[in-house]
Structures are given as C-alpha cells and as structure tokens.
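The chain below stands alone and is given in structure tokens; this is the form predicted on its own.
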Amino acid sequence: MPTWGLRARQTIFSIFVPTGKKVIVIGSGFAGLSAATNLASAGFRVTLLEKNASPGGRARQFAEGGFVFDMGPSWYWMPDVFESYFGRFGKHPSEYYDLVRLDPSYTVVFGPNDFMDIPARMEQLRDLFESLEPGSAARLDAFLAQAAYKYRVGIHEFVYKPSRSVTEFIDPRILVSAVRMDIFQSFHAHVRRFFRNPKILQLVEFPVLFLGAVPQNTPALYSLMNYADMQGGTWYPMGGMHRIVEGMVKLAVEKGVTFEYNQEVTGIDVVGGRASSVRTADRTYEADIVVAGADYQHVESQLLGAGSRSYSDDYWNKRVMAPSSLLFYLGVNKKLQKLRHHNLFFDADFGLHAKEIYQTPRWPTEPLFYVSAPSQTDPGVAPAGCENLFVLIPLAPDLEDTEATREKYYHLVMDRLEKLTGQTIRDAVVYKRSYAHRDFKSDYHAFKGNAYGLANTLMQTAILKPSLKSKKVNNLYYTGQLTVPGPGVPPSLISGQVVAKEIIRELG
C-alpha cells in the first residue's frame, strides 16, 4: 500500500479526542472487531456484545482430542490489507501471529493422477501456463498487469468508500478508472480474452467463487482477486486463522473495548428515530450509537420494529446470496499422501455444480469440493503423526439440511477423495463434525443459512448493496458481509474501518 494512503487513514483516527459517547457493537466477527477498535481508538466508549462464548464469528476455532480446527475462513490473501489495518494503530501483524507463505500456494486436482501444484514464484507460474497453452505466459503478464491496476485502485480506494451516494464516484479520475476497472464486463468474458485452455480457465476463475457468484455474473473488476492470488501469494498464520482474531481482540482491549460474551441481542429499542438501547436476555445496554456487525437481515427483521426497518422482506428475498457450505472437520490418526495445505477438487463439472447453486438450487449431483490440511504446514493443529482436515462443499443457500443428507455427501466426497489420492481415509477418522445451513442459522442468524454473505454481482455492488447506515434510525449503522464492500476477510476488515470513519464524521 502507498505510504501516503496509510498515513492519511492513520491521521483520521488520531485527531479525535475522547467523545464519551457510548457505542454498542453487535457481533465480534472481523467487521465488528474492526469497527469497535477504530471507534475506541477515536475516543468512543465501546462495548462489544457477542452471541457466542468466544470471539471471531465465522472465524471461531475449536479443539477436540488434540486437533485444532478453524471453523470458517482458511485462506489468507491480501497481506497488505492486514498490514494496513494493524498499521493504523502503530502495530504490525507480526506482533500478533507468525505468517508463512505457502509454496506451492495450493493444488488443483483435475482427476486421477492429474494434480497441478500452483507455484508461489511467478517465473514458475509462467512456465506452468506456457506448458498448458503456448503463448499464455505473455498473456498472463498482460492479464496480471491489468489486474494489478484494479487491485491498486479497487482495494486501496474504491472499497474504502462508504457507497452511500453516487456522488462519491462522480470524479473524472474515478470515472476514468471505472472504465479501466472493467466494472461493466463479466469476469467470464474478460478471462477468455487472454486464455483458452480449460485448466487455465478453471484456475483463473476459481477465486471469484469466494465472492458468491459465477464468473458470468461477476464484474471483470474482480480479476484483482487473481492479482491477490498470484502476486500477493497464499499465506498462513501459524496456529490457524483464529490467530488473527486473537490479535484483533488483544488490540481492541488495548484500545479500551469492553467484551461481553454469551450476550445474544434480542432487541434494539428505538425512540424518536434513534436507537436508545440494546437488549439481551438478561441485560439492557444504553447506547448513543449502535453498530450491527450481526447478520443485516436478522437485525432488520428480528431486532427492530417494523417501522424502523430500511428494507422489506420482499427486498431481502430478492437478494442474491452467496453460497452456503457443508463442512466436515475431520481428525485423522495417520499421515496422508498427495494432499497439500489447500486442495481444490475440480474433477467434476463446474458448470453443473454452479447451476445447482445459482440457477436451480438443489443439493448438487456431483459437487466440486475443497480440502484444507493445515497440519501439512502446522504440526501444532494435530497430534503427532495425525492430520487435521477441513472439507468444504459449496451449496445453494436455503436448502433442507438433514443429518441423512450430510452423511450421504460425506461418503460421496470421501469416495472421490480416497480414489483420487489412492488411499483409505475414513477408516482412520477418529473425530468428525459436520456443519451446514442450520448451524449457520443457529450460530450466526445467517439469512437462508448463507456462509459468505451477499453475492458480489454487478447489481449488488457499491451503492447497490444494503446501506451501511439505517434509513430509519439515524444512529444505527451496519458492517460486515451484507453491506459494503462485500464478503471475505479483507473486505470485512475494511467494512469496519469504513463504518467507523462514517460515524466519526457524522457523530464524533
């Protein structure tokens, strides 16, 4: 990140004196932690209410039988965003966790004996592309040059805008940038200007799956994700992704944030168009300002009265949600072969699976899936001689979720995993836990059981997303994956910063 950008954002949060105003932040996911810390640093008295017994939201962690499992996010991309976040407070990520770069970054499995390691070094990646499609190394250079511009402008400028008015974008420089950013072209069409090989196309298109939409409905702007992947690299915080949460909590406490766990919010009291207090089962917290880092739709439909809602049930039902997931946390009592830290199984028809997520929602016929084996990198997350596996199947939201269905897909995926890697695994599983729609709803009040929030489609980008400020309650703000800038860990970190800046500007 340019140092001027970092200094400018640090200055925003260093010129304020204590306000004495009480802020209640609902939810301790990345966005809630970010908002709380930035506001406390600016002089607000911040109390963060967390429904669960530990912080992190979807990025919680649990341990069982010597195995340590990250429950949600497992990819660490965009290290500069984390450096920028901690840098706002004169800190660095290395003060809170040890980061290692993975090489290979990940493995893509196209079929039996067809495993492709994606190298961390650019020259080796160029060689890989060239071996698959002559001339593609030079086209990769051109593709990433465009993606670098999108990353520089998109991540360092666009996503820090609150997107509350189109006037934020009426600037000749921004309008020129918008054209260069390919906002109005699909990602699917964009990548086919550069590559034709089916394996390369799958490799280049996979990062947009984190955005919750198919390439045909995702703006080409998001080739910036390829820059994050191929140039920025894939990293891992030793001890697991929850180490980031632990670092953020420690920093928040240093800044004066008070944490209250096992405090599920049951209502927000609104008097005269202002949120006056936040209620839990056994307490009432007075508030001058409320920041909802919990599920936006849940806050609107369950915590506010009908007259205080900005969006109708019909509005929410028309939103395109990012996928849900069926997850399996597995402890295996032996070491496994042919698995890297990150493994993408593309041995089935991506088009069919995507259709069964986005167009004709149903449990998939033959799903693609992802396996993370962090014990390949970090021996501390599993007992000696054992493996820790995280298996994820992307699914359409709002499906009927039963134990019988989960078990069916466990065996469907494990059949393929064992066949593709040429080893038995199920007979060595000594710990198994599943997690899907009804768990996302129960633990996070996730709308329709989604796992990632709101899909980043063209019609749900920037000012077309649900606003970060309530239209009916003038001291109620929102942060997280259902508002700007969108789903994912780095965007959630940024979301908290953006909403804090707006609160300081308007109410500080």
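Note that the coordinates shown come from a computational prediction; the quantities given were computed from them, not determined experimentally. The numbering used is simple: start at 1 and walk along the sequence shown.
Omitted here: the form predicted together with a small molecule. The next part is about that form.
Legend entry - 4.5 angstroms heavy atom contact with the small molecule in the predicted complex for Glu64: Heavy-atom contact with the small molecule at 4.5 Å: absent for Glu64.
Inset, instruction - Although the small molecule is absent from this view, report whether Asn474 comes within 4.5 Å of it in the predicted complex, heavy atoms only. - result: No, no contact at 4.5 Å.
Inset, instruction - Using the partner position in the predicted complex, report whether Asp295 sits within 4.5 Å of the small molecule, counting heavy atoms only. - result: Close contact exists here: in the predicted complex, Asp295 approaches the small molecule to within 4.5 Å, heavy atoms only.
Inset, instruction - Evaluate Gln481 for contact with the small molecule in the predicted complex, applying a 4.5 angstroms cut-off between non-hydrogen atoms, and reply yes or no. - result: Although the small molecule is absent here, Gln481 would touch it in the predicted complex, with heavy atoms inside 4.5 Å.
Inset, instruction - Could you spot which one of Ser136, Gln263, Ser105, Asn217 gets a heavy atom to within 4.5 Å of the small molecule in the predicted complex? - result: Residue within 4.5 Å of the partner: Gln263.
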